[in-house]
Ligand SMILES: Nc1nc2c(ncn2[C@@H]2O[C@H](COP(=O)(O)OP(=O)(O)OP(=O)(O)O)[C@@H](O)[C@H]2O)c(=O)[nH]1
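Coming up is one lone chain in C-alpha coordinates, specifically the form predicted on its own.
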(Lines give C-alpha, C1' and ligand atoms only; values in the text may rest on other atoms or scores of the structure.)
Protein backbone atom coordinates (compact mmCIF):
# COMPACT_ATOMS: atom_id res chain seq x y z
CA UNK A 1 0.00 0.00 0.00
CA UNK A 2 1.24 3.52 -0.81
CA UNK A 3 1.57 5.07 2.62
CA UNK A 4 3.16 8.23 1.21
CA UNK A 5 -0.01 9.21 -0.67
CA UNK A 6 -1.89 12.25 0.65
CA UNK A 7 -5.20 10.61 -0.34
CA UNK A 8 -6.92 7.92 1.72
CA UNK A 9 -9.80 5.61 0.76
CA UNK A 10 -11.97 4.69 3.77
CA UNK A 11 -14.66 1.99 3.78
CA UNK A 12 -17.19 2.31 6.60
CA UNK A 13 -19.43 -0.56 7.71
CA UNK A 14 -20.01 -3.92 6.07
CA UNK A 15 -21.13 -2.45 2.73
CA UNK A 16 -18.36 0.15 2.73
CA UNK A 17 -15.66 -2.45 3.44
CA UNK A 18 -17.01 -4.70 0.69
CA UNK A 19 -17.04 -1.81 -1.78
CA UNK A 20 -13.48 -0.81 -0.92
CA UNK A 21 -12.21 -4.36 -1.41
CA UNK A 22 -13.93 -4.41 -4.79
CA UNK A 23 -12.45 -1.04 -5.70
CA UNK A 24 -8.96 -2.24 -4.80
CA UNK A 25 -9.32 -5.37 -6.93
CA UNK A 26 -10.52 -3.37 -9.93
CA UNK A 27 -8.01 -0.54 -9.67
CA UNK A 28 -5.09 -2.77 -10.55
CA UNK A 29 -2.70 -0.82 -8.32
CA UNK A 30 -2.04 0.13 -4.74
CA UNK A 31 -4.26 2.60 -2.94
CA UNK A 32 -3.79 3.90 0.56
CA UNK A 33 -6.90 2.64 2.32
CA UNK A 34 -8.56 1.87 5.64
CA UNK A 35 -11.49 -0.40 6.52
CA UNK A 36 -13.55 0.41 9.62
CA UNK A 37 -16.48 -1.55 11.02
CA UNK A 38 -18.15 -2.55 14.27
CA UNK A 39 -18.26 -6.15 13.07
CA UNK A 40 -14.95 -7.98 13.60
CA UNK A 41 -15.78 -10.27 10.67
CA UNK A 42 -14.95 -7.43 8.26
CA UNK A 43 -11.30 -7.77 9.30
CA UNK A 44 -11.08 -11.56 9.11
CA UNK A 45 -8.63 -11.48 6.22
CA UNK A 46 -6.01 -10.07 8.60
CA UNK A 47 -5.31 -6.82 6.76
CA UNK A 48 -3.42 -4.34 8.94
CA UNK A 49 -5.56 -1.56 7.44
CA UNK A 50 -8.61 -2.52 9.50
CA UNK A 51 -9.96 -0.73 12.57
CA UNK A 52 -12.63 -2.26 14.78
CA UNK A 53 -14.96 0.43 16.08
CA UNK A 54 -16.41 0.30 19.58
CA UNK A 55 -14.71 -2.94 20.58
CA UNK A 56 -15.36 -2.35 24.28
CA UNK A 57 -18.98 -1.35 23.69
CA UNK A 58 -20.04 -3.95 21.10
CA UNK A 59 -17.39 -6.70 21.43
CA UNK A 60 -17.03 -6.92 17.65
CA UNK A 61 -20.58 -8.17 17.09
CA UNK A 62 -21.83 -5.26 15.00
CA UNK A 63 -24.73 -2.91 15.74
CA UNK A 64 -27.70 -4.99 14.62
CA UNK A 65 -28.77 -2.12 12.38
CA UNK A 66 -28.79 0.45 15.20
CA UNK A 67 -27.56 3.82 13.92
CA UNK A 68 -27.12 5.33 17.40
CA UNK A 69 -24.94 2.40 18.51
CA UNK A 70 -22.74 2.94 15.45
CA UNK A 71 -22.34 6.64 16.22
CA UNK A 72 -21.36 5.90 19.80
CA UNK A 73 -18.90 3.22 18.66
CA UNK A 74 -17.28 5.68 16.26
CA UNK A 75 -17.02 8.29 18.99
CA UNK A 76 -15.35 5.72 21.28
CA UNK A 77 -12.74 4.89 18.65
CA UNK A 78 -12.20 8.30 17.06
CA UNK A 79 -8.71 8.74 18.51
CA UNK A 80 -7.65 5.34 17.13
CA UNK A 81 -8.16 6.70 13.63
CA UNK A 82 -5.25 9.08 14.09
CA UNK A 83 -2.53 6.48 13.51
CA UNK A 84 -3.87 5.97 9.97
CA UNK A 85 -4.12 9.68 9.09
CA UNK A 86 -0.50 10.83 9.00
CA UNK A 87 0.04 13.07 5.97
CA UNK A 88 -3.53 12.63 4.65
CA UNK A 89 -5.00 15.72 2.97
CA UNK A 90 -8.00 14.24 1.15
CA UNK A 91 -10.17 11.27 2.15
CA UNK A 92 -12.72 9.44 -0.01
CA UNK A 93 -15.21 7.79 2.35
CA UNK A 94 -17.35 4.95 0.96
CA UNK A 95 -20.41 3.64 2.80
CA UNK A 96 -23.88 2.22 2.44
CA UNK A 97 -26.72 4.15 4.10
CA UNK A 98 -30.01 2.87 5.44
CA UNK A 99 -29.10 1.45 8.85
CA UNK A 100 -26.17 0.15 10.86
CA UNK A 101 -22.52 1.12 10.93
CA UNK A 102 -22.34 2.88 7.56
CA UNK A 103 -25.18 5.20 8.51
CA UNK A 104 -24.10 5.89 12.07
CA UNK A 105 -20.30 5.90 11.95
CA UNK A 106 -19.74 7.80 8.69
CA UNK A 107 -20.91 11.10 10.20
CA UNK A 108 -18.58 10.83 13.19
CA UNK A 109 -15.62 9.81 11.03
CA UNK A 110 -16.15 12.76 8.69
CA UNK A 111 -16.35 15.14 11.66
CA UNK A 112 -13.11 13.67 13.05
CA UNK A 113 -11.37 14.09 9.68
CA UNK A 114 -12.35 17.76 9.71
CA UNK A 115 -10.59 18.29 13.06
CA UNK A 116 -7.37 17.22 11.31
CA UNK A 117 -7.94 19.56 8.36
CA UNK A 118 -8.64 16.62 6.05
CA UNK A 119 -11.05 17.35 3.21
CA UNK A 120 -13.64 14.59 2.82
CA UNK A 121 -15.65 13.26 -0.11
CA UNK A 122 -18.41 10.86 0.91
CA UNK A 123 -19.59 8.45 -1.79
CA UNK A 124 -22.56 6.61 -0.33
CA UNK A 125 -25.19 4.28 -1.73
CA UNK A 126 -28.84 4.55 -0.71
CA UNK A 127 -31.19 1.53 -0.47
CA UNK A 128 -32.96 -0.28 -3.28
CA UNK A 129 -36.60 0.74 -3.72
CA UNK A 130 -37.79 -2.65 -2.46
CA UNK A 131 -35.98 -2.30 0.88
CA UNK A 132 -38.83 -0.47 2.55
CA UNK A 133 -39.70 3.01 3.74
CA UNK A 134 -37.95 2.57 7.10
CA UNK A 135 -34.51 2.15 5.54
CA UNK A 136 -35.19 4.97 3.07
CA UNK A 137 -36.25 7.28 5.90
CA UNK A 138 -33.07 6.44 7.82
CA UNK A 139 -31.03 7.04 4.68
CA UNK A 140 -32.55 10.49 4.05
CA UNK A 141 -32.05 11.63 7.63
CA UNK A 142 -28.45 10.45 7.84
CA UNK A 143 -27.60 11.77 4.36
CA UNK A 144 -28.68 15.28 5.33
CA UNK A 145 -26.38 15.29 8.37
CA UNK A 146 -23.47 13.82 6.43
CA UNK A 147 -23.92 16.42 3.68
CA UNK A 148 -23.66 19.19 6.27
CA UNK A 149 -20.46 17.72 7.75
CA UNK A 150 -18.58 16.56 4.64
CA UNK A 151 -16.94 18.82 2.08
CA UNK A 152 -18.52 16.89 -0.78
CA UNK A 153 -21.24 14.25 -0.81
CA UNK A 154 -22.23 11.97 -3.67
CA UNK A 155 -25.32 9.86 -2.96
CA UNK A 156 -26.15 7.08 -5.42
CA UNK A 157 -29.39 5.04 -5.31
CA UNK A 158 -28.57 1.35 -5.71
CA UNK A 159 -31.38 1.08 -8.28
CA UNK A 160 -29.50 3.49 -10.55
CA UNK A 161 -26.08 2.05 -9.80
CA UNK A 162 -27.23 -1.43 -10.85
CA UNK A 163 -27.55 -0.26 -14.45
CA UNK A 164 -30.86 -1.98 -15.18
CA UNK A 165 -29.56 -5.52 -14.62
CA UNK A 166 -32.15 -8.17 -13.71
CA UNK A 167 -29.88 -10.63 -11.90
CA UNK A 168 -28.68 -9.60 -8.47
CA UNK A 169 -25.11 -10.80 -9.03
CA UNK A 170 -24.83 -8.89 -12.30
CA UNK A 171 -26.39 -5.78 -10.75
CA UNK A 172 -23.90 -5.77 -7.89
CA UNK A 173 -21.01 -6.36 -10.27
CA UNK A 174 -22.04 -3.49 -12.55
CA UNK A 175 -22.66 -1.21 -9.58
CA UNK A 176 -19.27 -1.96 -8.08
CA UNK A 177 -17.52 -1.39 -11.40
CA UNK A 178 -19.22 2.01 -11.74
CA UNK A 179 -18.43 3.04 -8.18
CA UNK A 180 -14.83 1.87 -8.55
CA UNK A 181 -14.36 3.92 -11.71
CA UNK A 182 -15.59 7.06 -9.95
CA UNK A 183 -13.71 6.55 -6.69
CA UNK A 184 -10.36 5.67 -8.26
CA UNK A 185 -10.55 8.56 -10.71
CA UNK A 186 -9.10 10.84 -8.01
CA UNK A 187 -5.99 8.66 -7.79
CA UNK A 188 -5.67 8.16 -11.53
CA UNK A 189 -5.88 11.87 -12.30
CA UNK A 190 -3.25 12.74 -9.70
CA UNK A 191 -0.87 9.79 -9.82
CA UNK A 192 -1.05 8.49 -13.42
CA UNK A 193 0.83 10.46 -16.09
CA UNK A 194 -1.43 12.12 -18.65
CA UNK A 195 -1.35 14.92 -21.20
CA UNK A 196 -3.41 17.13 -18.86
CA UNK A 197 -2.52 16.67 -15.19
CA UNK A 198 -4.39 17.54 -12.00
CA UNK A 199 -2.24 17.88 -8.89
CA UNK A 200 -3.43 16.71 -5.48
CA UNK A 201 -3.64 20.17 -3.90
CA UNK A 202 -5.69 21.57 -6.78
CA UNK A 203 -8.08 18.65 -6.47
CA UNK A 204 -8.29 19.20 -2.71
CA UNK A 205 -9.11 22.89 -3.20
CA UNK A 206 -11.83 22.08 -5.73
CA UNK A 207 -13.50 19.57 -3.41
CA UNK A 208 -13.16 21.72 -0.29
CA UNK A 209 -16.50 23.44 -0.82
CA UNK A 210 -17.99 21.26 -3.53
CA UNK A 211 -21.21 20.30 -1.71
CA UNK A 212 -23.78 17.86 -3.05
CA UNK A 213 -22.72 15.98 -6.16
CA UNK A 214 -23.48 13.18 -8.59
CA UNK A 215 -21.42 11.13 -11.03
CA UNK A 216 -21.48 8.80 -14.01
CA UNK A 217 -18.97 6.80 -15.98
CA UNK A 218 -19.07 5.51 -19.56
CA UNK A 219 -16.68 3.54 -21.74
CA UNK A 220 -16.87 3.45 -25.54
CA UNK A 221 -14.74 2.47 -28.52
CA UNK A 222 -14.55 2.78 -32.30
CA UNK A 223 -15.34 5.74 -34.57
CA UNK A 224 -17.40 8.50 -32.95
CA UNK A 225 -16.60 7.24 -29.46
CA UNK A 226 -16.35 10.73 -27.94
CA UNK A 227 -19.77 11.74 -29.23
CA UNK A 228 -21.29 8.50 -27.96
CA UNK A 229 -19.66 8.99 -24.56
CA UNK A 230 -21.31 12.40 -24.20
CA UNK A 231 -24.69 11.02 -25.35
CA UNK A 232 -24.53 8.20 -22.77
CA UNK A 233 -23.58 10.60 -19.99
CA UNK A 234 -26.48 12.89 -20.83
CA UNK A 235 -28.86 9.90 -20.57
CA UNK A 236 -27.28 8.52 -17.39
CA UNK A 237 -29.81 8.11 -14.54
CA UNK A 238 -27.16 8.89 -11.92
CA UNK A 239 -26.64 12.34 -13.44
CA UNK A 240 -30.38 12.92 -13.59
CA UNK A 241 -30.68 12.72 -9.79
CA UNK A 242 -29.74 16.35 -9.22
CA UNK A 243 -32.28 19.10 -8.70
CA UNK A 244 -30.10 22.21 -8.50
CA UNK A 245 -27.90 24.05 -10.97
CA UNK A 246 -24.48 22.49 -11.61
CA UNK A 247 -21.76 24.66 -10.10
CA UNK A 248 -18.63 22.66 -11.00
CA UNK A 249 -17.63 19.65 -13.09
CA UNK A 250 -14.56 17.43 -12.67
CA UNK A 251 -14.01 15.27 -15.73
CA UNK A 252 -11.52 12.47 -16.26
CA UNK A 253 -10.78 11.19 -19.76
CA UNK A 254 -9.06 7.80 -19.67
CA UNK A 255 -7.66 6.37 -22.90
CA UNK A 256 -4.72 4.75 -24.61
CA UNK A 257 -2.13 6.36 -26.84
CA UNK A 258 -4.71 6.91 -29.59
CA UNK A 259 -6.47 9.70 -27.67
CA UNK A 260 -7.12 12.65 -29.98
CA UNK A 261 -7.22 16.33 -29.11
CA UNK A 262 -10.56 16.69 -30.89
CA UNK A 263 -12.03 13.95 -28.67
CA UNK A 264 -11.05 15.83 -25.53
CA UNK A 265 -12.71 18.95 -26.94
CA UNK A 266 -15.87 17.03 -27.83
CA UNK A 267 -16.19 15.63 -24.30
CA UNK A 268 -15.47 18.96 -22.61
CA UNK A 269 -17.82 21.01 -24.80
CA UNK A 270 -20.56 18.39 -24.62
CA UNK A 271 -20.56 18.20 -20.83
CA UNK A 272 -20.42 21.96 -20.33
CA UNK A 273 -23.27 22.52 -22.77
CA UNK A 274 -25.47 19.72 -21.42
CA UNK A 275 -24.99 20.29 -17.71
CA UNK A 276 -23.28 23.57 -17.00
CA UNK A 277 -24.90 25.95 -19.41
CA UNK A 278 -21.40 27.27 -20.12
CA UNK A 279 -21.28 29.02 -16.74
CA UNK A 280 -19.92 26.38 -14.33
CA UNK A 281 -16.34 25.78 -13.20
CA UNK A 282 -14.85 23.00 -15.30
CA UNK A 283 -11.72 20.93 -14.71
CA UNK A 284 -10.56 18.17 -17.03
CA UNK A 285 -7.58 15.85 -16.78
CA UNK A 286 -6.51 12.87 -18.86
CA UNK A 287 -5.05 9.49 -18.05
CA UNK A 288 -3.01 7.83 -20.78
CA UNK A 289 -2.74 4.13 -19.99
CA UNK A 290 -2.15 2.05 -23.11
CA UNK A 291 -2.21 -1.25 -21.25
CA UNK A 292 -5.56 -0.68 -19.52
CA UNK A 293 -7.48 1.51 -21.98
CA UNK A 294 -6.06 0.55 -25.37
CA UNK A 295 -8.66 1.27 -28.06
CA UNK A 296 -11.14 2.59 -25.48
CA UNK A 297 -12.30 5.99 -24.34
CA UNK A 298 -13.61 6.07 -20.77
CA UNK A 299 -15.06 9.23 -19.26
CA UNK A 300 -15.82 9.78 -15.59
CA UNK A 301 -17.82 12.91 -14.79
CA UNK A 302 -18.40 14.28 -11.30
CA UNK A 303 -20.76 17.23 -10.96
CA UNK A 304 -21.43 19.35 -7.90
CA UNK A 305 -24.52 21.46 -7.40
CA UNK A 306 -24.88 24.99 -6.13
CA UNK A 307 -26.83 24.88 -2.84
CA UNK A 308 -30.49 25.83 -3.18
CA UNK A 309 -30.00 28.72 -0.75
CA UNK A 310 -27.15 30.10 -2.84
CA UNK A 311 -29.23 29.89 -6.03
CA UNK A 312 -32.08 31.73 -4.33
CA UNK A 313 -29.69 34.46 -3.20
CA UNK A 314 -28.22 34.71 -6.69
CA UNK A 315 -31.70 35.02 -8.22
CA UNK A 316 -32.73 37.62 -5.66
CA UNK A 317 -29.50 39.52 -6.25
CA UNK A 318 -30.05 39.42 -10.00
CA UNK A 319 -33.64 40.59 -9.56
CA UNK A 320 -32.50 43.42 -7.31
CA UNK A 321 -29.85 44.45 -9.83
CA UNK A 322 -32.43 44.57 -12.63
CA UNK A 323 -34.76 46.71 -10.52
CA UNK A 324 -31.95 49.09 -9.67
CA UNK A 325 -30.92 49.37 -13.31
CA UNK A 326 -34.51 50.06 -14.35
CA UNK A 327 -34.77 52.76 -11.68
CA UNK A 328 -31.61 54.42 -12.94
CA UNK A 329 -32.93 54.38 -16.51
CA UNK A 330 -36.26 55.90 -15.39
CA UNK A 331 -34.43 58.64 -13.47
CA UNK A 332 -32.30 59.59 -16.45
CA UNK A 333 -35.38 59.70 -18.68
CA UNK A 334 -37.41 61.80 -16.25
CA UNK A 335 -34.63 64.12 -15.09
CA UNK A 336 -31.89 64.20 -17.74
CA UNK A 337 -29.64 66.65 -15.89
CA UNK A 338 -30.23 65.37 -12.35
CA UNK A 339 -27.20 65.67 -10.02
CA UNK A 340 -28.04 62.09 -8.96
CA UNK A 341 -27.63 60.66 -12.47
CA UNK A 342 -24.35 58.90 -11.68
CA UNK A 343 -25.15 57.82 -8.12
CA UNK A 344 -26.84 54.64 -6.87
CA UNK A 345 -30.62 55.07 -6.55
CA UNK A 346 -32.37 54.98 -3.17
CA UNK A 347 -34.89 52.18 -3.60
CA UNK A 348 -37.81 51.70 -1.21
CA UNK A 349 -40.72 49.38 -2.04
CA UNK A 350 -39.51 49.26 -5.63
CA UNK A 351 -39.58 53.07 -5.92
CA UNK A 352 -36.65 55.39 -6.57
CA UNK A 353 -36.93 58.03 -3.84
CA UNK A 354 -34.44 60.27 -5.63
CA UNK A 355 -37.11 60.92 -8.26
CA UNK A 356 -39.70 63.51 -7.09
CA UNK A 357 -43.01 62.03 -5.96
CA UNK A 358 -45.08 63.87 -8.59
CA UNK A 359 -42.94 62.30 -11.32
CA UNK A 360 -42.99 58.83 -9.79
CA UNK A 361 -46.77 58.89 -9.43
CA UNK A 362 -47.52 60.73 -12.69
CA UNK A 363 -49.16 63.70 -10.89
CA UNK A 364 -49.79 66.76 -13.06
CA UNK A 365 -48.92 70.01 -11.32
CA UNK A 366 -51.01 73.12 -12.04
CA UNK A 367 -49.32 76.54 -11.86
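Positions refer to the first chain, counted from 1. The model shown is predicted, which means the values in this text are computed figures rather than measured ones.
The next section is about a form of this same protein that is not shown, the form predicted together with the ligand.
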- Query: Is every one of 11, 75 and 119 within 4.5 Å of the ligand in the predicted complex, counting heavy atoms?
  - Reply: no
- Partner contact for residue 60 in the predicted complex: the ligand, 4.5 angstroms, heavy atom: no
- Is there a heavy atom of residue 107 no more than 4.5 Å from a heavy atom of the ligand in the predicted complex? no
- Answer with yes or no whether residue 247 is in contact with the ligand in the predicted complex, where contact means some heavy atom within 4.5 Å. no
- Message: Since only the chain is shown here, I'm wondering whether residue 252 would be in contact with the ligand in the predicted complex (any heavy atom pair within 4.5 Å).
- Response: no
- Message: Within 4.5 Å, heavy atoms only, one stretch in 85-93, 170-178, 225-233, 281-289 touches the ligand in the predicted complex. Which?
- Response: 170-178
- Partner-free chain; cross-checking the ligand in the predicted complex, the single residue of 71, 212, 135, 188 with a heavy atom within 4.5 Å is 135
- Which of the residues spanning 206-234 lie within 4.5 Å of the ligand in the predicted complex, based on heavy atoms? none
- Message: Just to spell it out: taking the C-alpha atom of residue 173 and the C-alpha atom of residue 227, is that distance smaller or larger in the predicted complex than in the structure shown here, given it changes by 3 Å or more?
- Response: farther
- Task: Note whether the distance between the C-alpha atoms of residue 176 and residue 127 decreases (closer) or increases (farther) in the predicted complex, against the displayed form; the change is 3 Å or more.
- Result: closer
